[in-house]
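Before any questions on binding or motion, here is one chain by itself as structure tokens, the form predicted on its own.
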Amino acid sequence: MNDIIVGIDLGTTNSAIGVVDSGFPMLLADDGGKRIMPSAVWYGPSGEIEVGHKALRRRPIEGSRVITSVKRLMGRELSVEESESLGGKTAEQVSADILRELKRRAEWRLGKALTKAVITVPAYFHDGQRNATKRAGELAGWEVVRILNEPTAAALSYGLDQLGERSRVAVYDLGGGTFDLSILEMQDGVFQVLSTHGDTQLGGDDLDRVLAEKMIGLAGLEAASVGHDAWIRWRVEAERVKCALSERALETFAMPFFDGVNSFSREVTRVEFSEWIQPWVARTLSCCRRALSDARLESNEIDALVLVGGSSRIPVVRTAVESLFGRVADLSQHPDEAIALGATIQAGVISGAMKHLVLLDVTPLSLGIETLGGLMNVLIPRNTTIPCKAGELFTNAVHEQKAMRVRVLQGEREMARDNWELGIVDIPFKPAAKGQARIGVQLHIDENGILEVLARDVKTGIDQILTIRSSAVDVSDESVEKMVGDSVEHAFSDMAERIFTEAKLKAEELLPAVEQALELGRQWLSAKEIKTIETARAEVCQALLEKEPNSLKAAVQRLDTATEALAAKIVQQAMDEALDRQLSL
């Protein structure tokens, strides 16, 4: 049996880890179901370490102890200020803690020790940066079997190795801290980098800084005079507003009591933000032109354009890149997951767990299962080449739940009820606390169009298998056209219902948690802070009654933000009490 090799995207803003299981690549989620982990590390005063989402939650009150964007510092000499920002650690040590947490996650998910990994780096990383990445992996306990260029990983995840006999691909990768444009040529299934150009100091972090500095100026302050912890709060809000403006045309930038007394609030439009970041977008386009020139190609000689990295979601970025290359970008993969998925595919090829797929047919409609709230969770998107497999782990949503019903669906609508039911599998398991039972669901379509649904109780290893012989692929053109047409016709109402349902589930989980937190930590809050939380809680309750999707989503976010500091204080108090008990033994 071949050793398992994992694929890792060690990103500036986010990181992820994946593995090939039963011949198909999948990213591994944490116990909260999140596949993407923030590349953030918190170092406590007594040597404690927290990584990922837990570390980010500490930024509002312990910003100086939370390290982010360490990838920018890998493999190069640091200034005094940069060294101080790492708090006595090296960039490799911080990166190793991120990689160690990914290792813990993967071993927990797979139930076995793992030692081998493929780790991605930007194509233009020099030897020093590549070696630093490898050393970070080794510090975390990994044998790094290959350092893989990120654009090659992205091309693999998009299935671009299945293009024509000789094809050229442009990969535009605008991540949190770095940017590069790589042009690859694929021939006989092998990618060759024809040219690459980029900037290790250009990414989403810079766009956050632009917006934060603009708002600080409008608040009548100077960025240089804002303290370190206060600056982090402005940056965090800037990042939130930046992301929101990728979804809507207007968002409010709010900094309540930014100096303990005064507050600042200002509406920001997408048009304004686009104008403010235009110089940075232009810098990326300059790199694109340089890469084309180095490859001795014209933009119309590119066969595929791929956008990767969270900041590629920004509408003005996408429009500018598509205009330069004169073609629509391939958006079939999640921009935050594409590189990790490609690394996983490469790891599977090296280990022998993944074989080359032959293009035989495609799925005419998406396949998925119903999840909590009656939502359609797509596992295999429409037009996916077959044979193919996809899977995901699910947990029980109710305390002492005894079974889980897996309802297999086909269609393009957001709500399960509007799609076609292909079959049902009931999985019994021992009663467990909420979130403790784990059920793996895998959909597999073979070369004959037969859909096999495998549902596994991870704890016992007992499988339930349902075979569907024709519905997955053998669908009439008229039925496909009607389903796709309905999805377009109802797109806005479907998405509104999905947003409301997801926000309602979050609200129903958050409200009792907030009530409990207030009981535990009211004594640590000022009257003003208590009022802010109670007002936010009332707004959530009112939005639930009004059933307005965006209002509820925004209200839930405000309540979540309002209670971040309280949650962090409760966690710190619990840690202090645990430490006191240890010392008293």
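Sequential numbering from 1, following the sequence displayed. Given the structure is predicted, the values throughout are model-derived calculations rather than measurements.
Another form exists, predicted in complex with a small molecule; not displayed. Remarks below refer to it.
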Quiz item: Hey, in the predicted complex, is G309 touching the small molecule, heavy atoms inside 4.5 Å?
Solution: yes
Quiz item: So in the predicted complex, does any heavy atom of E251 sit within 4.5 Å of the small molecule?
Solution: no
Quiz item: Is there any non-hydrogen atom of R313 lying within 4.5 Å of the small molecule in the predicted complex?
Solution: yes
Quiz prompt | the small molecule contact in the predicted complex: G204, any heavy atom under 4.5 Å | solution = yes
Exercise. Check, residue by residue, if P25, S157 and S366 all come within 4.5 Å of the small molecule in the predicted complex, counting heavy atoms only.
Key: no
Quiz item: Looking at 283 to 291, 141 to 149, 86 to 94, 313 to 321, which one sits within 4.5 Å of the small molecule in the predicted complex if you count heavy atoms only?
Solution: 313 to 321
Exercise. Go through E392, E213, D199, E239 and name the one with a heavy atom inside 4.5 Å of the small molecule in the predicted complex.
Key: E239
